[in-house]
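What follows are structure tokens for two forms of the same protein chain, given separately as structure 1 and structure 2.
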Structure 1
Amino acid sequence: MGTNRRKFLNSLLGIGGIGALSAIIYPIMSYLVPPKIAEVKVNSLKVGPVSDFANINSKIVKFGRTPVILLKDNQGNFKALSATCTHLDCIVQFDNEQQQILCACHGGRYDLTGKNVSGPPPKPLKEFNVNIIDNEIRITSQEA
């Protein structure tokens, strides 16, 4: 009779131990594994009126979750390129003096068409369409 009681208590303690261990491990694993978040598909972005670019030549805007750099050249034409460097995803900036797009992380340089001209970037920046409708600048994805 004592052995049946002992087996029962050992089983009860084993199940309780497994439950306690699970209660500790599950929150840790839930914290380490990020939840899957559905990404919103953005096809078009209204940036603002053309008059906002009277005194500036570039602006970084968010196109969904992607940063995009909007450029205005000396002739007043607009161009939109991905603002993440193709080397290590750093945010690029426009250098007005050299008329180039620079990545400050590792010295990558792109021309105004997004083509990589020096440094470690392996490929050009992704291009977006720019349309001006009713004096409003609108950026659209080339996949749209």
Structure 2
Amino acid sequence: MGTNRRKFLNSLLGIGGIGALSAIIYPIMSYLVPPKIAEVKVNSLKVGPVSDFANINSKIVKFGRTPVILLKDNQGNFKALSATCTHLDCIVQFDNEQQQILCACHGGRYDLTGKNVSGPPPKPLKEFNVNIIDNEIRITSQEA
């Protein structure tokens, strides 16, 4: 009788304890996950006149929240690719000599269509369309 009562009270205490603990942990966990900030959907971006590329052959621009690398290959064609390495998030650069995209973090390489050709990157870089309208470079998302 006495032990049954003790067991009952102990389990009540246990359940109450677990309840109280989760009532503390749940709000803390939720607090730590940052709120999503509404994203402005960008479909196209004006980068500037072609003459900007007289002396440089690549530039990183912000397309919404994605960094995009805009480059001029040795035939003078413009290309735009996502600049975020698919390996571990570094920002890539244009290797003009090799006509490739290079990521300095772990030496990953992509060709100019964004295909991962060597090193650790597991996936290709997303490609963007580049249009030149009235000498103005414009990048558009391929999804749009």
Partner chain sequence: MEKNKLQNIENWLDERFDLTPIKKLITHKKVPIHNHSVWYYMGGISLFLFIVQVLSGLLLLMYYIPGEDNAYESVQFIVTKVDFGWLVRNIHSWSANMMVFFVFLHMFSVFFTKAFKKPRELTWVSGFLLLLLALGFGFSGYLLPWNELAFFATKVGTDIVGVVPFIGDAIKVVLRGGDDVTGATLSRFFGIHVAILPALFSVFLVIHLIFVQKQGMSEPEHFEKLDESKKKYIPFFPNFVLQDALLWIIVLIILLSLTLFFPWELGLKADALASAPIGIKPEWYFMFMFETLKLLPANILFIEGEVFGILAFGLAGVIWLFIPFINFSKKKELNNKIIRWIGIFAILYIVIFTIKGYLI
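By convention here, residues take numbers in order along the sequence of structure 1, the first being 1. Quantities reported herein were computed from a predicted structural model and do not represent experimental measurements. If you superpose the two forms and keep the largest set of C-alpha atoms that fall within 1.5 Å, you have the rigid core.
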* To do: Name the structure that is the form predicted alone; the other one isn't.
  => 1
* Smaller-part rotation in degrees, where the chain is treated as two rigid parts between structures 1 and 2 -> 53
* To do: Determine, in Å, the CA shift of residue 28 between structures 1 and 2 after the rigid core is used for superposition.
  => 6.6
* Displacement in Å of the C-alpha of residue 16 between structures 1 and 2, rigid core kept as reference -> 19.1
